[in-house]
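Quick setup: one chain, the form predicted on its own, written in C-alpha cells, and binding and motion questions come after.
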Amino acid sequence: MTESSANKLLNGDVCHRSSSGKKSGKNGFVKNHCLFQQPQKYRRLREKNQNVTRNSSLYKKPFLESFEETPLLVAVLTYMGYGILTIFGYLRDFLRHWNIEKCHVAREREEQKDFVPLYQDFENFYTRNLYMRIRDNWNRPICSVPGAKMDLVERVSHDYNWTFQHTGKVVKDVINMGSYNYLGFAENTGTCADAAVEATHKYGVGVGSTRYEIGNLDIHEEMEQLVARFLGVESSMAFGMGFATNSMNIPALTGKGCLILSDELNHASLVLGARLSGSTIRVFKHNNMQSLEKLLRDAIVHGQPRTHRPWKKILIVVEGIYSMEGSIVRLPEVIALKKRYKAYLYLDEAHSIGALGPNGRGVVDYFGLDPKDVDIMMGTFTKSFGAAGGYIGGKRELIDYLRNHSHSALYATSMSPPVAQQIITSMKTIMGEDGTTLGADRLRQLSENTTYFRRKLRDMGFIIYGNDDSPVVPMMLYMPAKIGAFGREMLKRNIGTVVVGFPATPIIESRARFCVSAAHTREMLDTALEAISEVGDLLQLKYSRREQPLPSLAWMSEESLLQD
C-alpha cells in the first residue's frame, strides 16, 4: 500500500508544492487530484499521490478525485489478517489430507496425479480457505424487480457455506445499494415496461437467428439509428452482450503489428479482447497522463520490438467510469495526447453512459467534448437503460467494417425484441422525446443523490474512492474479516450491498461498493447511511481523519505532521 517517493516519481507521479510553498513530504501529506490548485483553508491528509493535471485549459470545471492513502496501522493489520488466514488454511489442508476434516472442493483423483493438474493450487487454496468463509455475501437470490427496493430469498448453510438451503422465507423491502440501475429504469411498471410488453406481443421474445440470416428486425434498425443520434456519431451497431462487445470487437480492430495501450484498471472484457487480438499490449498507470505519454513517445521512437518498424496502429483503451475505483477518465487529456501522437481512442462507457453529463450522454457530454474526437465509442445497455447488450458507435466506415468482420455480429443471435424496445423507450425518455421531463428529472436526481451520499460518507469519517460526480462509491474495508461481516450486518439492517475483495481488487484493498440510483429517495439514502454508520462503528471502519481537519498546515513542520 505504501511506496517510496522515488518509486512514485518513476511511476509517473509528480511532487507539487502546497499553497504555502512547502514541498510535500515523503509520506505525501499534501496530495490531491485537483485539476488545478485552488486556495484552500484546509488540506486533506494522506491521499494517494497521482499526477497533477497540467492542461487546466482543457477542462471547463474542476476535476476532483480522491484516493486517500491507507493508514499504516490498517495496512499492517490487513497483512497480518491474511497471514493468519493463510496459516490456518494450510493447517486445515493438512487435516483434509489425512481425512480428519472433510473437503468439498473438486480435486484430481489418485490415478490422475501424473497428468497436468486440472486445478491451480493457489486459486483452490484461496477458494477453500478464504472465499468460502464469506461466500454467503454473494449470489443472493432476488425474487423481485431489482429496483430501489427488492426482495431476497432467505437461505442458510449448515456446512460453512459449501452448500445453501432456502428456508422458504423472503426478506422484504431491502434497500438496493448494489445494482447499476443508475436512472431507475429497471422496473416492471411504467412506459418502458408497457412498451416492452407490446413489443413481446408483436415480435415474440426471441428471434432464433443471427442478424445476417433472418434475425434483422426493423426494431433493431430503429434502435441503432437512435443510439447514433443519442451519441452524436454517424452510425452505431448493437450487440446482445456487453462483455462480448469488447472481447469480440477489439480483435476485429487490431492485430499483429498493432499496439494497445491499456489503463491498468480496465475491465476484464477489455483485457480479454486485447489479448485475443494478438496485438502487443502495454499498460499505463491508472489515469496517469505522464505514464501514457511516455508509452506513446517510446512507441513512436522505438517502433516494434526487434524490427523497429512503425506500429500499424496504436490504440488507447480507457473506460468512462472505472467500476471498482469510482474514478472518471481524464478524457480531455487523453484526446489531446491521442491527437498529438496520431493514435486511436477506444472509450468504454459501460458505467458512464446515461449516468454522466447534463444530457446523460456519458463522459464526452460530461466534459463538453466533441464525440467525433473519440474513434470508437463503446457502451452497454445493462445499467442506465435497464436492458441488456452493448453498442459501438463511430464513423460509418468503422461500423460497416465491424458488421462484416466482428465475430459478435456474424455469429451471435439477434437481440431480443423486448430488450430492444426497452432501450428505445428509455433512451427517448432520457432525450426528452417522450414529451415529458422524466429523463431530465432522473438525471438531476442522480446527480443530487450522488453528491449527497458521497458527502455524508466523508463527513462520517469513511475512506471512499473516486470522483465527486461518480455514482459508483467504493468504501474501503481493507481487512479480510470485515468483508463478510459488513455484508451480513448491512443485510440485518435491510440494506443490500456489494462487498468486493481479491481477485477483483488488490488483496489488501477490499471494499464495499455502493451504486447510487435516481430511484433512491432521500429517506432511503438516510436509512442506508444510518446503517452504514452503525456498522462502521461496530466494525471500526472510520479510518479517515478528514472529519477533523487541521486549522492550518502552513506553520506546521514536517516532523510535527509525522508525529500527528
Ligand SMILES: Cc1ncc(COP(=O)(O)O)c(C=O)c1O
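Start at 1 and count along the sequence shown; that's the residue number. The structure displayed is predicted, hence computed values, not measured ones.
Absent from the display: the form predicted in complex with this ligand. The rest refers to it.
Quiz item: Wondering, does R330 line up within 4.5 Å of this ligand in the model of the complex on heavy atoms?
Solution: Because no heavy atom of R330 falls inside 4.5 Å of this ligand in the model of the complex, the answer is no.
Quiz item: Taking heavy atoms and a 4.5 Å cut-off, does F367 contact this ligand in the model of the complex?
Solution: F367 lies outside the contact set for this ligand.
Quiz item: Applying a 4.5 Å heavy atom distance criterion, does T380 contact this ligand in the model of the complex?
Solution: Yes, contact at 4.5 Å.
Quiz item: Are any of the heavy atoms in S269 no more than 4.5 Å from a heavy atom of this ligand in the model of the complex?
Solution: Taking the distances in the model of the complex, the answer for S269 is yes, it comes within 4.5 Å of this ligand.
Quiz item: Among 345-353, 458-466, 331-339, 283-291, which stretch has residues whose heavy atoms lie within 4.5 Å of this ligand in the model of the complex?
Solution: Only one stretch qualifies here: 345-353.
Quiz item: Of the residues T254, N181, T425, N246, which one places a heavy atom within 4.5 Å of this ligand in the model of the complex?
Solution: It is N246.
Exercise. Go through P480, G389, G357, G439 and name the one with a heavy atom inside 4.5 Å of this ligand in the model of the complex.
Key: Of the candidates P480, G389, G357, G439, G389 is the one lying within 4.5 Å of this ligand in the model of the complex.
Quiz prompt | Within 305-338, the residues that have a heavy atom no more than 4.5 Å from this ligand in the model of the complex | solution = Heavy-atom contacts to this ligand in the model of the complex: E319, S323.
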